[in-house]
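We begin with a single chain expressed as structure tokens, specifically the form predicted on its own.
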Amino acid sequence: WGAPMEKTRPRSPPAGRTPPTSPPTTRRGATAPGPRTTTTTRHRCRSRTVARALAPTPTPTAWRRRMMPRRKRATPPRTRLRRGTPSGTCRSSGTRTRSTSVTTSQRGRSRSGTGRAESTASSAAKITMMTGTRLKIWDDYNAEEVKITKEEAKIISRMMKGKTPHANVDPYPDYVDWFEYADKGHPLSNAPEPKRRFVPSKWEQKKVVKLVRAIRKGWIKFDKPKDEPNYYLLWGDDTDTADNKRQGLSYIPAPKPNLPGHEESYNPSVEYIPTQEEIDNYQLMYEEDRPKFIPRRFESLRSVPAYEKALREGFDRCLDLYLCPRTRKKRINIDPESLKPKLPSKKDLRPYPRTCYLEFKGHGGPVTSLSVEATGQWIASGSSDGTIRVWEVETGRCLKVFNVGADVHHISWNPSPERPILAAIVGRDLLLLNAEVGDEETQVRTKELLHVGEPTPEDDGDKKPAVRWVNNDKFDGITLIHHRAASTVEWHSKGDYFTTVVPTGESRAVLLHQLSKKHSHHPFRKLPGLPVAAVFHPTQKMFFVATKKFVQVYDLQKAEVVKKLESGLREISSISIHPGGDNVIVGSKDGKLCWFDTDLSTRPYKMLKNHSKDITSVTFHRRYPLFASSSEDCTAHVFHGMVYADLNQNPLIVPLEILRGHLSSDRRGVLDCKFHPRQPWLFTAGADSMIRLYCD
């Protein structure tokens, strides 16, 4: 593209001389390229000079035409939009406004003698966009102002973008084939096939060589086809194979009708043909019990008549095929016994309590609690009739009766054989009394131990003392007066410390007592709920406190919580610790029993649902791998609970026996259960005021 010519009219050159040529300049002052000249040979330049000298002197008009490049074709003018240039002035108001100027230039292309294009400017105009609905253009060539509409402005804008002027013109219409090739004798062109279609391509050959080389060197790898199994179903159905599977819903074949047997034969055996008496009896039977087909005998197949129910049964068969839904049921042939866990036989787990051997009768009310002496020779029981009785285990003889005058809620025997002391929750307070069993030296030491020198209250700095140690002259013992009613009492394995639980939300809910120093204190300030029971660890300085939802394990030396066992039960009722100390069982009021492995997790290892009512007590045996639970449903369950020394092996829990025999009284059943310390015997206390001893 060339630049527009200068507006000044060129002067005519003198006669006989060629006018000097000057390069045309553009509107911005840039120098446009001039016509290309060739100087290949000296002869050509000389002939051109001679031709110019002999040419007549051109007129000014002819000179201008000669200097103007010749246009090859008319081209549409191009318009450039410049933004942000305040180049227009509103003529109506005479005020200066910010507008957008549009410059339109028409350029042409020309080719010189050597073939170089030369461009010139034909016209220029300025477009001023007003704030109104119309646009005005100032045409410098014609020196007038032209008004254009929005449609004309859109046409100019589309032409500047290289699009068609009108928007409704499709520049890329669909191709319409004007020729029909089908059913024609000759193609559109009868030109012979070119040779390149028959000669092998050299470039394709090189490409193939590259691919072969890449495959041989391992640059291109192919997925190996999977080896199909070389087996087939010998007696199976072909509909289950992968080749016959359909896309979508699987095809379920219709059930096949039963094949005819001997009764449907036209010449059956004599034993299949019923007598006339049997046929008459068929008419007296119900229709659903009546046989569907009565066999008959014919001499030949030709004499067999048509089946009278053939059309009806065929129609029913068609209805079954397309109306009755069919589902494919995958049946797994598994023996139900194989799904049960392999448990050892009960005979291999003996001995364990199975039958009732003795009954201890004497209480006038429900027996609420039991406790066995450390040697296993004596047993103590407390009842709601206000008495504490000491029994001899082997004979069932009642040795001693203590009339305490109030309900006995819980009783516990000192685990030390040298201290025959009973701790009982009588009413609201705790009573320590001498069981009066053993030799004289033991009795003397026990009486000295159960004596308070100075009945001063133990005060830990609180306004009100938690416990007061007071002598009981009636039973030659000690009474521990609590600020609230106590519920349970448990001894330490050494027999000097014991704990009581007061089911309140205060900090003095769990108390520790020392018998030798007559001292009490409450080390646990905060508990996650109301305490239910508390027990000592059998070997370590650990302490377990059971609330209604959790079991907290405390370190007595550090006085801090070590673990928190989450039971997930509705309300915990009792707790017992395994003699090893690493396993805990917890009973609840919804009939569930939880086994905790403290080394494994803080959640239950096993949860057993065996009782239909509240569990009143759970207990471990000290020597045998046995544990039991009693419930208000008048039953006691005995389990085998083996704890292995190998930490990688889980405990083995096997239910053994359900012990029955107690009667219900006021909707209460078995209230407590305890194991014998040396024998596999179980003592149960019931609401029917009886104590039962179960042996192997």
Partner chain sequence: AAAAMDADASRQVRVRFVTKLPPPLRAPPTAIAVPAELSRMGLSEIVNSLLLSAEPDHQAQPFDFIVDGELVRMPLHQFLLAKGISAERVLELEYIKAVAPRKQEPPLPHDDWVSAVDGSNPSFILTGCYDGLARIWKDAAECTQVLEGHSGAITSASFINKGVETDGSLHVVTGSKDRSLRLFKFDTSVTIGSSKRIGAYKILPGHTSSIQSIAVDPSRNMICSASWDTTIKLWAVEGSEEDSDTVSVKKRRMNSDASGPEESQLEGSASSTLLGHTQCVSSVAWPEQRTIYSASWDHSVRQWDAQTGRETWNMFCGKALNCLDCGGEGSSLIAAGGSDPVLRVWDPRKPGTTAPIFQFSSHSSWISACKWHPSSWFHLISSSFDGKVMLWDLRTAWPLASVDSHKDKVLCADWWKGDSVISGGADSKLCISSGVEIA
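Keep in mind the model is a prediction, meaning the values are calculated, not measured. Numbering follows the first chain given and starts at 1.
One more form of this protein should be noted, the form predicted in complex with the partner chain, which is absent from this view; the next part is about it.
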According to a 4.5 angstroms non-hydrogen atom cut-off, is Tyr357 in contact with the partner chain in the predicted bound form? yes
Taking any heavy atom pair closer than or equal to 4.5 Å as contact, tell me whether Asp316 reaches the partner chain in the predicted bound form. no
May I ask you to state whether Met690 is within 4.5 Å of the partner chain in the predicted bound form, using heavy atom distances? no
Is there a heavy atom of Tyr624 no more than 4.5 Å from a heavy atom of the partner chain in the predicted bound form? yes
Among 530-538, 369-377, 614-622, 268-276, which stretch has residues whose heavy atoms lie within 4.5 Å of the partner chain in the predicted bound form? 369-377
Among Gly396, Gly362, Gly581, Gly427, just one has a heavy atom within 4.5 Å of the partner chain in the predicted bound form, namely Gly396
Given that the partner chain is left out here, which of Asp407, Asp139, Asp320, Glu392 has a heavy atom within 4.5 Å of it in the predicted bound form? Glu392
